[in-house]
Structures are given as C-alpha cells and as structure tokens.
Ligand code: C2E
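For reference, the chain that follows is the form predicted on its own, supplied as structure tokens.
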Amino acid sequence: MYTDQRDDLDEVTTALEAINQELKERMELALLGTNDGLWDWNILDNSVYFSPRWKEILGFGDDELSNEVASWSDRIHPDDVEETWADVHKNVNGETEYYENVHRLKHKAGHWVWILDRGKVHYNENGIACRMLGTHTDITEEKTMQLKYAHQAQIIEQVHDSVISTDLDGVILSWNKGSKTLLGYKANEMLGQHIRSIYLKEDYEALDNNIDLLKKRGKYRTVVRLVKKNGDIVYTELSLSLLRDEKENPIGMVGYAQDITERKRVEEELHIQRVNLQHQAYHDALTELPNRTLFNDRLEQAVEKAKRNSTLFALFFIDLDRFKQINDSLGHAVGDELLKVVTERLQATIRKEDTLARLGGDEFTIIIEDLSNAQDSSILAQKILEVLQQPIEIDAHILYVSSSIGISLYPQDDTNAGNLLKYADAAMYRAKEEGRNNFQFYSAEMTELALERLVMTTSMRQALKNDEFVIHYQPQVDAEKKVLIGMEALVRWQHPTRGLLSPIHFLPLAEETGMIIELDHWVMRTAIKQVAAWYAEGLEPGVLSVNLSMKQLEHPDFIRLVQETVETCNFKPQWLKLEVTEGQVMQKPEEAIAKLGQINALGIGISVDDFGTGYSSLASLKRLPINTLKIDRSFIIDVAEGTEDGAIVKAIIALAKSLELNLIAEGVETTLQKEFLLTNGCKNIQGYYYSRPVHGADIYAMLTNGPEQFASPSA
C-alpha cells in the first residue's frame, strides 16, 4: 500500500516538474522575442537558473557559465555592487513591489555591459520569500548614447561661447550659460522667444537669408551683429547647423556664436593703419602729393597708355631756384609752408588728370598726358613760371621764388620711363645754367654731360682704391717774422689720362655723391701721417690745416676716427686745425656747435674758412668754439685803402681782435695786398705771394732750408 502511494507521489512530482519546465520554456520563448535573458533564483536553497540568452548577453555559451548566484554577483561592476544588492533586499523584504536596477556586468571579452535588471519576489503560504524571478535586458547601446548626449549637453551648457538651438521656425529651444554671458539674458527669459529678439531690425532680412541658406546647405558660417540685454551691439562669428532626426529629416537649428567684437575693433584699427601706411608709403608727408614711388608707377602707366593709344605726353622736372637760401635764412618751417603754397599753385595750374608729384626737397614732377603737340607743354611751362614768380606771404615775410623746368617728351626723346625722368632732370640743370627762371627741353648734348658725370663718379671710386689722389701743401707764413707757421693740406687728383686735376673738377661731385666723407678722411689721415713724420725728424712744419665738410662732421664715427688717427700717428692735437666754411656751419648751427665743441675739447683748433661770405650773425659766431677766422680770397683781390673790400677786411680784422681770435688771410698774391693786411693788423698770410700749393717733397725742402727763404717770396 505504501509502495503504491509513493509511486503516485513520484508521478505527481514528475508531472509538476514537467509542467514547470514547460512553463520555463514558454517564458524563454516569449522573452526570446524581446531579446531579454531570464533568471530564476530559489532564495531558500540559493540555487539559480540562468537562461541561455542571459549568458549570451555576457558573451558565454550555455555550457560555459554555471547556474550559480556567483556567476552574476561576481561580474557586477565594483561601483554598482552595493546599490544593486540593496535594491534586491528591498524587494525580498517587501519594501518594494518590484525589483528594478541598472548596473554593469563584465563581459567575457573584458568590457562592461549595461543591464536593466527587473524582477519580483514570490512568497510561500507562510509569507516567506522563497523565489525571485526576473529578466536582464542589454541596454548598453541606449546607455552609451544617453551618456554621450548627457556629456555633450554638459559641454554645451558649460562652453563659454553662445550655443542656441531653435525649431525650424526660429523659436528658441535651448540657451546655454555662454549665451547668458554673451547677451545678458537668462535661459528662462529666452526659451520660447523668436531668435529675432536678439537681432537688429535692419538685420532681419539678413537673418531670413541666412536661415534659407542653412536649410539648403545644412550648415552656414557668417558674421552677425547681436543685441545684448543692455542694448549694446556685439559682433559674433556665427556657425549654423541643421539638427536632424534618426531619419535625417531636419527638426531644428543650432547656432554657435563667438564674440569677435574686440577682434573686429582691432581689425578695423589695423585696416585704418594699413590704409594710412599705404598712403604714407606712396605720398609725401608734407604736401600729400604722390612721392617718388607712386610717381614712378604713374610714369610707367603713362608710357604703357601712350604706347597703346599712340599719344604724346610730356614730363616736367621742376626745381625751385635758391630755395636753400630761404631754408637757411628763415628756417625750415617757413620753407615747408612755401612748399605747400607752391603745391597749391601747381595744382591750380595743371589739369585734374595730370600727375603732380614731389620727389623730395624742392623737386616736383608733372606728367602731362594726351598732348596734341610739344608746343602745348611749353605753354604750360610758361604759365608755371609766371604763377610761381608771384609773391608769397608767409609769417609776415614776402617771398619771391622762381623755378627751373626741364622737359622730356614721349616718344620723341625716349620710350623708357627711367630715361624720360633722367632726361627731364638733365634739361632742368640746363635751365639753371641758362640763368634760372626758364624752361628747357632735353637734348642729346645733356645726355653726354650726364654720362660724363657718371664716368667721373666711377673714376673717383677707382681713384680712391688706386691711390690716385695726392696732397699738396700751401704754406702759411707770418709776414712780420717771415717764418712758416703752418700749412693747408689740399687734395689733387693725379688722373691717369687727364693729368693733375684741381679740386674744382671733382669736389662738387664728391659732395653730391657722398664720397667726400671717405676722401676727406683720406686727406686727414695722409696729411697727419706726413706732418707727424716731419716733426719726428726734428723739423717745425707748424699747424696742419685740413678742410672739413659738414657731411664728414655729421658722420657718427667722425670724432672717434679723428682721435684714432691722431693717437695712431703720434700726432699732438695742437698741431692740427680743422677748417669749416661759414656757409656749411650755418646750415645746421646747433649740430655744428655741438660737434665742433667736442673737437675743440680734444685740443684741436677750429678755423672758419671763407669768412664774410656766409650768413652767420655775431650771436652765432660768438657761440662757435673757434680759434681762427680766415678772410676769404674774394675780399683780398681788390683790397686797398678807400675800397669797399678794404673796409670789409678792416671790419673782419677788428672783429677777430675783439673776439680774441687768430686771423689769417688767404689768396694773397701781391705786395700791395700783403702791405695792406700788415698795416691793418693781419700778419698771417696764405697765398701765391709766398707759395703755390706744392708737393710734400717741396715742403720738406722748405723746412730743411730754414726760415730765410720767405724773406724773398716767389711772387
């Protein structure tokens, strides 16, 4: 009997297990469609069942992972363990109706899988939790996207620049902190407002155009003005993009705005500076006329235009006569005002289409295009001469200025822009040679003269290299004692083909080209070396006088070069006297006084040459650190009692005595001249009366023959 009952119980148990298994299989089939994994936990004996899909979510086969609680609990992310078990216990303890938790499980490959874990506890007839059944859903993809969007949203919210999104109609949907910083509005003030609320009314049309372009292109960049809450205008660089749904349909717009107000301001300032610099680069600062650079460009254009159209044009080169004297006597401020007036008069005389330029100093050029014949240019030249001759009043000064004009013609004279300018310049010099205040056309003869000057310049450079320059010395004599007191060093050029050339043939060109600095230094160094050698032999050559040009004096290394030369040659400073002309000193009196003071402080004497021919005042003369006045030869030629030159010489002698200055007269050739000078108190003489400038060997002979040689002069 008991055996039959046991058999019946076994059959019931087997049937129940079969039903339970069938239910599990049905549930798994149902969950298979949802791609979820099933778990069934027997709380009383701590056994668990994991469906194959559950294991598959973690990368395992059904036979690779045992049905144990540890298979799940050991794979929970350390950061999620505490919260996950807490949620399980709440449901087991009846604190929650359902169990739900999101946590991470470790995949077989080593990465983490996000799981949505759901379940519900079941109680037996005694109210004890006996079983918990649930599902695991793989939400890794959704969670990744969620974290991504959350991260992006945080970035957008915290970014310093403005990020604003709208719907396709322009209604604002989002407003980050950067937008508040930029425009001053809080998010709750702007959400639901139209984007136009931050635009100027005059920019509405541009806004609509931008939105249309965005919808066509999908993205768009531009610069817009936005209105801040306080009414200020801010310039922004705006990047617009379309927002799309998962099917790529447009659902809104997003704009990224960066404040470029300061950059815009700097760019505008730089633009203004560039414009100003460009203007300064091509225009004369004083007159605002085109400068040499722009003039050359205009001249090239005139040549090309004339070639295309087979037309004639004239080039004027205008130089003001004696402008330097006005600058020197009245100052540069008056000279500058004069140049402005001249500019106005020239502009009023020519046509608007003609180009007037200032090349520098008092030199102007005019390009007169589309001439019918050359005669037209001569008519204009005559008008310019007449206009510039009219008196000019500046600072209570009534000034009269004339001009010399040189004219070259295209294509008669040349078709090259550079040559046309050169020929007009040459013609202008011809006008000055013809007495100034006239105009001259270019001729072939002028070109030959210009080439000759060029050859001479090149030859001078070679002469310095080839030691072709020589020094002659002209004795300076005390006419009372009839003894040598010194000598002046004078340069000569021993030209290889033209013979011995006097300074008049090359010094003006040396001044013009700047070679005078190197030449003067050569003369000083050579003469000092020679005189030092004579002193070393025990001879008494006296004081060496060397001419000094203003260009050499202005050179920054001049003082140092003088010191080095004197020290190197064992030459005492008191043996040297530097001669500067009165006219040169008065060009820049303040600079000259300062430099000459430094020279004088070295113990070197300073002599003013050609005194009486310049424009110095007694006040300026008193300030000059000079030791000697040198009477110019132009006053000596006709000197005699009762003559104008005699009166001037007496006045110079009296002035020198009152200022306690030494005195020497140059250009003395006759006994009458010498006696007049001695009678009136000037005993130091230089000139042909005693000796012409001679070679160093002749001076050496004089020094060795003794002082009696000057008792019977050669003149």
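These numbers come from a predicted model, not from an experiment. So that there is no doubt, residue numbering starts at 1 and follows the sequence shown.
Note that the form predicted in complex with this ligand isn't included here; everything after this is about it.
Q: Spot the stretch among 40-48, 56-64, 655-663, 681-689 with residues whose non-hydrogen atoms come within 4.5 Å of this ligand in the predicted bound form.
A: Heavy atoms within 4.5 Å of this ligand in the predicted bound form occur in 681-689.
Q: Verify the flagged residues L484, P573 and G605 against this ligand in the predicted bound form: is each one within 4.5 Å by a non-hydrogen atom?
A: No: no residue has a heavy atom within 4.5 Å of the partner.
Q: Select from the listed residues S502, S443, N416, Q382 the one whose heavy atoms reach within 4.5 Å of this ligand in the predicted bound form.
A: Only one listed residue qualifies here, and that residue is S502.
Q: Please tell me which of T84, T565, N210, S549 lies within 4.5 Å of this ligand in the predicted bound form, judged by heavy atoms.
A: It is S549.
Q: If we define contact as a non-hydrogen atom of the residue within 4.5 angstroms of the partner, is V491 a contact of this ligand in the predicted bound form?
A: V491: yes, in contact with this ligand in the predicted bound form.
Q: Please check if R633 has a heavy atom lying within 4.5 Å of any heavy atom of this ligand in the predicted bound form.
A: R633: yes, in contact with this ligand in the predicted bound form.
Q: Taking heavy atoms only, is P693 within 4.5 angstroms of this ligand in the predicted bound form?
A: Although this ligand is absent here, P693 would touch it in the predicted bound form, with heavy atoms inside 4.5 Å.
Q: Is V649 near this ligand? Define near as a heavy atom within 4.5 Å, in the predicted bound form.
A: Judged by the heavy-atom cut-off of 4.5 Å, V649 is well away from this ligand in the predicted bound form.
Q: Would you mind checking 456-481 for residues with a heavy atom within 4.5 Å of this ligand in the predicted bound form?
A: Contacting residue: only Q474.
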